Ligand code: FPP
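Just the one chain here, the form predicted on its own, laid out as structure tokens.
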């Protein structure tokens, strides 16, 4: 199953259209310049994975309460998508990316200062939505901590750029801070609005954690393998920026020559020469690193699915299972290249 197939379609979860409407309403502003940037962002669309997780986890644990809590859920789902979009705006600035989802990034089309402020505006409006909820006493601390962890993860990863000694343990810690914990928080938020029990929340956080782990590994694989047009953003940026992800960690573990080569090159200048990037890229593809990373992503996807087993076999559970399968399926072709 492709990541763009049924688990991510609006007709699978009709509430996603209402989430989009809530986002548009929340982001209206009298500043014409800011509104132009917001419209540009909203037109790019996106998979809406994070609001989908909020809604499906609420459906899984809420039962008849779902319709009663519908408005609150829409606000939470809109808030998490706005937080995510803000993080992408800021990530694109950090990465110097020219495109995202097939469109120019804000800082590329306008300028960095305006893009930073647009990202801040998204965050402010997201937390404003959360402030109006009955469960704000638990949701506000949850997402405040989650955003703080994302920032910590980005700073730590930047500090580790061109550090060719990065271990798998460190990689998975970055993975947790940048991606996995936020998806876990989205799952927890849906269950929290439904006033689910501690055990249900724990299992849904576990699902979100492993889903996020798989998602980030897949993203790191696609940076080596994907068509940038189909992916909607540039590829090869991790290696260009000295970001050490799981495929490269595997190569440096099984072939120490490249560790010495990269270390020697970095002593002369931090940025890697184009010919060296190409050489390392070919070595990653030939070493079995992509297959190894794909297996780790599949293992995380299976762990996410296992976390759902204690829930009754409802449509929400089936869709959550399909999401995990779809994410792992984005790199299923890699397994056949061994």
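This is a predicted model, so every value here is computed, not measured. Positions refer to the first chain, counted from 1.
Below, we refer to the form predicted in complex with farnesyl diphosphate, which is not included among the displayed structures.
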property: Proximity of residue 192 to farnesyl diphosphate in the model of the complex, heavy atoms at 4.5 Å; result: no
property: Heavy atom of residue 205 within 4.5 Å of farnesyl diphosphate in the model of the complex; result: no
property: Residue 147 within 4.5 Å of farnesyl diphosphate in the model of the complex, heavy atoms; result: yes
property: Farnesyl diphosphate contact in the model of the complex: residue 263, any heavy atom under 4.5 Å; result: no
property: One stretch from 161 to 169, 175 to 183, 250 to 258, 69 to 77 that, in the model of the complex, holds residues within 4.5 Å of farnesyl diphosphate by heavy atom; result: 175 to 183
property: 98, 240 and 278 each touching farnesyl diphosphate in the model of the complex (heavy atom, 4.5 Å); result: no
property: Residue among 244, 130, 201, 88 with a heavy atom within 4.5 Å of farnesyl diphosphate in the model of the complex; result: 88
property: Heavy atom within 4.5 Å of farnesyl diphosphate in the model of the complex - the one residue of 218, 115, 83, 139 that qualifies; result: 83
property: Contacts with farnesyl diphosphate in the model of the complex - residues in 120 to 134 whose heavy atoms fall within 4.5 Å; result: 123
